[in-house]
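Only one chain is included here, represented as structure tokens and corresponding to the form predicted alone.
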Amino acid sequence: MLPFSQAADNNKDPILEVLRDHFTAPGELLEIGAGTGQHAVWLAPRLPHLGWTPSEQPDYLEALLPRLAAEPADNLRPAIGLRVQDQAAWPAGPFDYVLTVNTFHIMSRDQVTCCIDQACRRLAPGGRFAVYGPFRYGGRPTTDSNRLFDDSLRARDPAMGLRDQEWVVARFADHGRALLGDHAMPANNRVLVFG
């Protein structure tokens, strides 16, 4: 039986709508932290103008590869192993688009900074980077459920936790990338789109 994430199943339609608005021109996409592969196999065929490369930490590729094999798509590229802090592991690119879903709150701040830095170095001029997940605004979670989630993450590992939207925006600004959209999603999540 293939690994399954209910959250990934729940948010695929809203994510698709945002990507259809922002990832419009043909190009190559790198997905960072593809997890179970549910987004890759569902979104890629609905965005046939994108060449979709899923990536995941090498230790978790075993959970990703069976789904990609079971649900192939013409524009779905082979998955790659990628640790965001390992500069040598990053594909050369350039990529026109980068997508990451529910990763920034699991990564440490240093890993998030490294992810943004390395991805922006490989993002084509005019390229776009979309980040899905829960964020804090003004240093605070937006809802009680997000506060409890943030507390649970930090209890599990102090390096984890919801990132401040303003801090994320500033990290992209360091690379000359501006916030193009901040979209409300179900379950108190957001999609931030940079370009």
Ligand SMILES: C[S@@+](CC[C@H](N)C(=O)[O-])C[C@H]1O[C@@H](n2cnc3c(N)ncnc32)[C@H](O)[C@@H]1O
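These figures come from a predicted structure and were not determined experimentally. Numbering starts at 1 and follows the sequence shown.
Here the subject shifts to the form predicted together with this ligand, a form of this protein not shown in this document.
Contact annotation: Ala8 falls within 4.5 Å of this ligand in the predicted bound form, judged by heavy atom distances. This ligand in the predicted bound form is not approached by Asn75, whose heavy atoms all lie more than 4.5 angstroms from it. Although the partner is absent here, Gly161 lies well away from this ligand in the predicted bound form, with no heavy atom inside 4.5 Å. Proximity of Thr142 to this ligand in the predicted bound form: non-hydrogen atoms within 4.5 Å are absent; the residue sits far from the partner. Annotated contact segment (heavy atom within 4.5 Å of this ligand in the predicted bound form): 35-43, selected among 66-74, 22-30, 133-141, 35-43. When contacts are defined as a non-hydrogen atom within 4.5 Å, none of Thr113, Gln165 and Val169 contacts this ligand in the predicted bound form. Scanning 42-79 for heavy atoms within 4.5 Å of this ligand in the predicted bound form gives Glu56, Gln57, Tyr60 in sequence order.
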